[in-house]
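We begin with a single chain expressed as structure tokens, specifically the form predicted alone.
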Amino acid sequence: MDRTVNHGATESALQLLERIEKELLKTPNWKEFSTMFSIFAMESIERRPTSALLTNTMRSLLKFAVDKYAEGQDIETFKKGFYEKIEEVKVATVRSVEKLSDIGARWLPDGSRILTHSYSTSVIKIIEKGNRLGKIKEVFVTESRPGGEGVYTAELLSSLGIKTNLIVDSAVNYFMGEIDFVLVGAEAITAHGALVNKVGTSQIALSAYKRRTRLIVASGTYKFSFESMLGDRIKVPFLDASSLEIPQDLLKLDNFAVSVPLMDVTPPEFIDAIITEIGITSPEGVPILLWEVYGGWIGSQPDIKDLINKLRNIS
């Protein structure tokens, strides 16, 4: 499977920024830059359409480029400023994870038994810092198929000296009675506070809800989806049959199909709290929080497709 799918949203976005620095800053003129960056931006978004962080990052960089061209800036001056802008975004992203993980670690109750799913930089940071504070008793980690990112998460947590239990996805409800709360990361938070995350999250949330176990989401405000707040539906990507171990002869049968969604959506009523770099909020508080962060209604944010089209028209 593509490594960009295996990585958490934050890690993938940071790697993408490094690629932009290496590939786009070599362009000799505005025309070549605009052509390459518009293609690069569209392909990146289509590759991981659920990642609000990636979309918001691209929006920021596209707007910077379009504005600087409109100001008449020469390409060499622009590239210097563009590099500084990328570094600024990288620092802000890392700082956000550090802040929210500090908040999350302080919030953790003593003797916490946690269940997590897939791989999340923010979740791992919270657990790591919580463990340093002596608050972690043990962690349960799902395999997180397809992809199996949970295996890597479990290995990493274990290497930090944390008692870690790797479990199959289908055993979540069996173990739910042994944990204090579920802690997961996010691909995106929608307008009404729903969570887009690795497939299986909604099933875990349902089990937690039925067992009266709290579900906590670790997500910086940069993962809040402007597109969903403007009425767009988040497109869930699917993997092909090769992502599963299925006998090839079965795939040749009539009336036989394989469906492998990569993400799913957890309703806000199953979410108890969202830990951000600003503080802890409820799903209902998402629009209010965005208003405070961006100083106004999110409709003021430019549409990313419009920005890409403007960039394409640069000659």
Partner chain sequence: MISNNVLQIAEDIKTMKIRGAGAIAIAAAEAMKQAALTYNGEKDSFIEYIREVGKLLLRTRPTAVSLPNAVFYILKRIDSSSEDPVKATISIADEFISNVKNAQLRIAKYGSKLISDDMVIMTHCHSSAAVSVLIEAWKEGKRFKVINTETRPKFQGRVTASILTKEGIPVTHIPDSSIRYHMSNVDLVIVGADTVTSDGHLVNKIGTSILALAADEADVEFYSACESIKFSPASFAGGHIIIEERSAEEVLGEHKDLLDKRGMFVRNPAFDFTPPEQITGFITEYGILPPRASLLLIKYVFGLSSGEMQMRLLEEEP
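From a predicted model like this one, the values you see are computed outputs, not experimental measurements. Positions refer to the first chain, counted from 1.
The same protein also exists as the form predicted together with the partner chain; that form is not shown, yet it is the one meant from here on.
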Contact label in the predicted bound form: residue 28 to the partner chain, heavy atom within 4.5 Å: no
Is residue 274 part of the interface with the partner chain in the predicted bound form - any heavy atom within 4.5 Å? no
Would you please decide whether residue 82 lies within 4.5 angstroms of the partner chain in the predicted bound form, comparing each non-hydrogen atom pair? no
Considering only heavy atoms, tell me if residue 62 and the partner chain come within 4.5 Å of each other in the predicted bound form. no
Using a 4.5 Å heavy atom cut-off, which stretch among 217 to 225, 120 to 128, 238 to 246, 82 to 90 contacts the partner chain in the predicted bound form? 238 to 246
Is the partner chain in the predicted bound form near all of 110, 136 and 213, within 4.5 Å of a heavy atom of each? no
Partner-contacting position among 191, 171, 103, 75 - heavy atom within 4.5 Å of the partner chain in the predicted bound form: 171
What are the residues of 251 to 289, in order along the chain, with a heavy atom within 4.5 Å of the partner chain in the predicted bound form? 253, 254, 255, 256, 257, 258, 259, 260, 261, 263, 264, 265, 267, 270
